[in-house]
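Next comes just one chain, in structure tokens: the form predicted on its own.
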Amino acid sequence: MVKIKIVLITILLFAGISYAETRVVSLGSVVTETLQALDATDSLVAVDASSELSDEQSSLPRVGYYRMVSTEGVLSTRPDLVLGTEDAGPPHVIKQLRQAGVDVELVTAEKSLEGAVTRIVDIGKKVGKQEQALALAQPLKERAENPVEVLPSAPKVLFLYARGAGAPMVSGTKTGAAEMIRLAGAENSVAGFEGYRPLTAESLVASKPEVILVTTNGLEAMGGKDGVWSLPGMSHTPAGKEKKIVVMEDTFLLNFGPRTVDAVDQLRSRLTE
């Protein structure tokens, strides 16, 4: 009988049911969002600064921005498991956490539908929610296999990223924003470089955007729509002349998490209004 009990306990632990007893720190808003969608947040003891929490969990400690956490800050929450994306860090902190005996599991940070599917499935495996994760990822998998058609006269869209003071940044190729624009059937108006660069009046005019895309936090940082329209060079662009702007919530637009298909569809709809 004792041997049978031991076997049963081992099976339960292997199945991930022990996750309920695990103290978990989530590093990255997409990780936290996925845990919420999987109904796997009861074991959370802390999250990073980018994570959005329900009212019931709003009192959870924050351990800093997921790319710049400290070893002491994370260890102070006494975690058994740290779940993050592969760009969580810095690297020496990840190494120190593992040396301290903490299980650190990093999933892909890829900004694509395929990356989102892999991320959701891998997180599900880590927390014993494999079947739920497969179901959650299925709409993203189907959309990746059956993308929407390019919009007629695909509008040229310029994504502006802003945080605090200073000129906003524009997204070139190989960015989450550029991928969302492509998935919605539109065209990124900036294609001459990869990543983000500071916006200049010359580059703004040259890119000839027909639509400006911003996040809610980015819009606030730029002083609202009036701040966007007053950017140097904006009045000489098609978007500036027509006052065409699309504003979407930050994590909804850029997380590449469980809601991404809905985000793509909403962006596509907004671009055709």
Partner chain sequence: MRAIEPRFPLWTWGLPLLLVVSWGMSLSLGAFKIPPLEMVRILWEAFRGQPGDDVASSVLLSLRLSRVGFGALAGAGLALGGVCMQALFRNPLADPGLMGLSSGAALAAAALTISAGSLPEVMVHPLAIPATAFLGGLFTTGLVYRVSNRGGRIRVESMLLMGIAVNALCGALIGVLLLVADDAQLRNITFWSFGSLGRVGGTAMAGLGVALLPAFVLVWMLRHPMNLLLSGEADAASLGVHVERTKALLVGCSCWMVSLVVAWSGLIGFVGLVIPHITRLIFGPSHRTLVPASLMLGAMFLPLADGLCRTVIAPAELPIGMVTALMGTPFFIYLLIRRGVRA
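Note that the coordinates shown come from a computational prediction; the quantities given were computed from them, not determined experimentally. Residue numbers count along the first chain shown, from 1.
Beyond the structure shown, there is the form predicted in complex with the partner chain, which is absent from this document and is the topic of what follows.
Engineer: Since only the chain is shown here, I'm wondering whether residue 62 would be in contact with the partner chain in the model of the complex (any heavy atom pair within 4.5 Å).
Structural biologist: The answer is yes: residue 62 has a heavy atom within 4.5 Å of the partner chain.
Engineer: Quick one: does residue 138 come within 4.5 Å of the partner chain in the model of the complex, counting heavy atoms only?
Structural biologist: No, residue 138 is distant from the partner.
Engineer: Can you check whether residue 196 is within 4.5 Å of the partner chain in the model of the complex, heavy atom basis?
Structural biologist: Yes.
Engineer: Evaluate residue 108 for contact with the partner chain in the model of the complex, applying a 4.5 angstroms cut-off between non-hydrogen atoms, and reply yes or no.
Structural biologist: No.
Engineer: Sort through 139-147, 152-160, 88-96, 122-130 and report the only stretch with a non-hydrogen atom within 4.5 Å of the partner chain in the model of the complex.
Structural biologist: It is 88-96 that comes within 4.5 Å of the partner.
Engineer: Report the residue, out of 167, 134, 100, 201, that has at least one non-hydrogen atom within 4.5 angstroms of the partner chain in the model of the complex.
Structural biologist: Of the candidates 167, 134, 100, 201, 100 is the one lying within 4.5 Å of the partner chain in the model of the complex.
Engineer: Tell me, out of 235, 70, 57, 217, which residue has a non-hydrogen atom within 4.5 angstroms of the partner chain in the model of the complex.
Structural biologist: Comparing distances to the partner chain in the model of the complex, the residue within 4.5 Å is 70.
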